[in-house]
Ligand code: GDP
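For reference, the chain that follows is the form predicted alone, supplied as structure tokens.
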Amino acid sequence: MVTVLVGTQWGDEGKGKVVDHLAAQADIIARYQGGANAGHTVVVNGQRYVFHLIPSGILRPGKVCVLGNGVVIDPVSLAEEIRLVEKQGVNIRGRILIAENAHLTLPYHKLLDQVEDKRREKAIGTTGRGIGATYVDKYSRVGIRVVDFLDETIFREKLRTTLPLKNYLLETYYGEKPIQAEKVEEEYDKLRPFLQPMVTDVSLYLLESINQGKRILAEGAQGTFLDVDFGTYPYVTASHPVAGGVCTGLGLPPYKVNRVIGVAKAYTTRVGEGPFPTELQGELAEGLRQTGNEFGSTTGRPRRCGWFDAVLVKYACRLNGCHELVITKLDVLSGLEKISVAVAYRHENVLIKDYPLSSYVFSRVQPVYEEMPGWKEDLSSARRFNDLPLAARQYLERIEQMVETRISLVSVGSSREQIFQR
């Protein structure tokens, strides 16, 4: 049994909390793409946990967490994250597995990511964590994989082959100081004994686990509209957050996937640059930002906030083949007299009902809104659908109709217990 959890907006939909909830019924939680640029926040018994590489399912005792070959691994960030989470009282050792054919993020990837985004005429707004640069090397066939890193001789040989190319680019084109191979080797050699016990053939491990009847929860980072093919290109990530990425990112046959669950906020947010048709400005946007604590878990950057976009979420549910949808942060909308939902776009007097893949068109569309009544009640204590005020229930029911996908879970706060079945 393989369940895939996927974001249906621009990421930050609250997948970390949903993973934590669903992990109670899973045996293995497997991440299939992205890197340390992701940020998942979970609150358990008042304790706040922030994850970047480790799936939030690690908070459930006895669960095994897997980083697949589609994930790019920053050993430095991973080691720091493990130490931090262990300090918070979570037993991690022996519960994390890393794909031997995953690619490594190295110091030059981070530096290139940062300087390249600054030099672009229109910055993409990357996290500067080296994710895109790592994927570039992967597809240029000059990347260094985890299995290469475990062999000191191979690692040094590959590093000293690739680094001169990177230093030439850094010095000649960007005017930056070169990176010394000896310093990289010294820093990363210390991490080899730490990483080695976690490394395995993840594809084989997962397939054997499935055959043993174990339940796997596969999670992606970011969201559908940051997908490099289907997102708002070029303002996208460098991998495939969509559900299709689970097969190539974990080495699973498509027929092993049984269930796809989408996650969407009750409104919309976006970090970084790029078009955002329903974006709000002024007091209303700031109110959503402060009430929803809309600041990036990885960078701390304030998120742009706007109304729920049913055009986007409907497209995402169709593209990912979502069997059901989870709505998070419904509580943030409490106190609003009116709530708007984008039901279509207008471009040059033409009504558009589907998400346009043309970046030129999408950056110029105007949303067509449907207005619904808001509610004043505090939703934080709701534990079932009928606990919600009528207007909140009607809002969810209308979203179901518009995106043509059943809502199965609703979240009304950051804590673990503030989520319930539809």
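The first residue of the sequence shown is number 1, and the count goes up from there. Just so you know, these numbers come straight off a predicted model, no measurement behind them.
What comes next is about the form predicted in complex with ligand GDP, which is not displayed.
A.B. asks: Run the contact test on 15, 39 and 328 with a 4.5 Å heavy atom cut-off to ligand GDP in the predicted complex and return yes or no.
C.D. replies: Affirmative, all three are within 4.5 Å.
A.B. asks: Is residue 109 close enough to touch ligand GDP in the predicted complex, meaning at least one heavy atom pair within 4.5 Å?
C.D. replies: Judged by the heavy-atom cut-off of 4.5 Å, residue 109 is well away from ligand GDP in the predicted complex.
A.B. asks: Going by a heavy atom distance of 4.5 Å, is residue 399 a contact of ligand GDP in the predicted complex?
C.D. replies: Contact check for residue 399: no, nothing within 4.5 Å of ligand GDP in the predicted complex.
A.B. asks: Is there any non-hydrogen atom of residue 78 lying within 4.5 Å of ligand GDP in the predicted complex?
C.D. replies: Taking the distances in the predicted complex, the answer for residue 78 is no, it never comes within 4.5 Å of ligand GDP.
A.B. asks: If you check in the predicted complex, is residue 216 within 4.5 Å of ligand GDP, heavy atoms only?
C.D. replies: Flag for residue 216 set to no.
A.B. asks: Which of these residues, 43, 372, 361, 368, gets a heavy atom within 4.5 Å of ligand GDP in the predicted complex?
C.D. replies: None of the others qualify; the residue that does is 43.
A.B. asks: Looking at 159, 332, 243, 104, which has any heavy atom no more than 4.5 Å from ligand GDP in the predicted complex?
C.D. replies: Selected residue: 332.
A.B. asks: Is any part of 396-422 within 4.5 angstroms of ligand GDP in the predicted complex by a non-hydrogen atom, and which residues would that be?
C.D. replies: Contacting residues: 411, 412, 413, 414.
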